[in-house]
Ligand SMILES: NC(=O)c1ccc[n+]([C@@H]2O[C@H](COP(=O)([O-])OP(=O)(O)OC[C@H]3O[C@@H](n4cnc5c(N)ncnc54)[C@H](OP(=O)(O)O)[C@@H]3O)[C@@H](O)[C@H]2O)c1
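What follows is a single chain, given as structure tokens, in the form predicted alone.
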């Protein structure tokens, strides 16, 4: 008897959708039952991605929501921002569980959503119900949720690095984040800057002060710590395939010892499967292909200034891996199922 749950992946041809398929084909409790994308005609998934040949016989097709609902229990929405909120209400009315990987249900402040995503939110009722899917902070809420707002990739790395220190009230107002993301973070866009000859061996900063992940970081940190910070967030694109590396500059409001900082991180993350606390600073390659977030820090001799660095795979812990981790929690399975 097949007791596997059936999952649909909408947006299965993007980088994140492809990673969702890869992870769940190897998940012992999951059967992928439906794949959709903007492909004009149904096509075998392995024809789009030959590495899946003999791994799946599924077809990918333009979205047929009735068919998807009939065949699936849990929906992963790996769709462009502003699209999910047109689909979610019907899925919830059909009693389906949803893990949305777009930004549509992350930001509760609809004015901020409109400011950064240039459109009005169409689903305010379900926006209030959505749980922010960062398991290391919201596990208890995730268990009973019907809709999960999967975190952004940059916010995952930044929030996990800052949350314990901010929760303990140690950080002065201003925080500077220098974050570098692999090119896959931009999605499969036909943009000349992302052509191989332009991105290879290259790096540049973009959207300082106005990046759309800024309000997400600030809102989630405020909600979970009751503290405000003055955030300067500067993202960069770097010519590598995968990964995010965030270097965070903070000052403490009192002198502190290295062992005290270590104790604080352990206090909050001692039972978190996918947080690795390091003695020293992380390296990007150590997290690529994994669902881990590596966190390390260096404290200045004055005991007040500190550099904290965090590193994740942007497509796994920053997207698809976190989504599967959320699904595991929702189903009462071990968090690491299908991810280790």
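All figures in this text were calculated on a predicted structure; none of them were measured in a lab. Residue numbers count along the first chain shown, from 1.
Although not depicted, the form predicted together with this ligand is the subject of the following passage.
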Decide whether residue 153 counts as a contact residue for this ligand in the model of the complex under a heavy atom distance cut-off of 4.5 Å. yes
Wondering, does residue 81 line up within 4.5 Å of this ligand in the model of the complex on heavy atoms? yes
Could you tell me if residue 37 has a non-hydrogen atom within 4.5 Å of this ligand in the model of the complex? yes
Looking at the partner-bound form in the model of the complex, is residue 12 within 4.5 Å of this ligand by any heavy atom? yes
I need the one stretch from 293 to 301, 66 to 74, 309 to 317, 27 to 35 whose residues put non-hydrogen atoms within 4.5 angstroms of this ligand in the model of the complex. 309 to 317
Each of 180, 246 and 289 near this ligand in the model of the complex, meaning some heavy atom within 4.5 Å? no
The listed residue (214, 138, 102, 126) that reaches within 4.5 Å of this ligand in the model of the complex by any heavy atom is 102
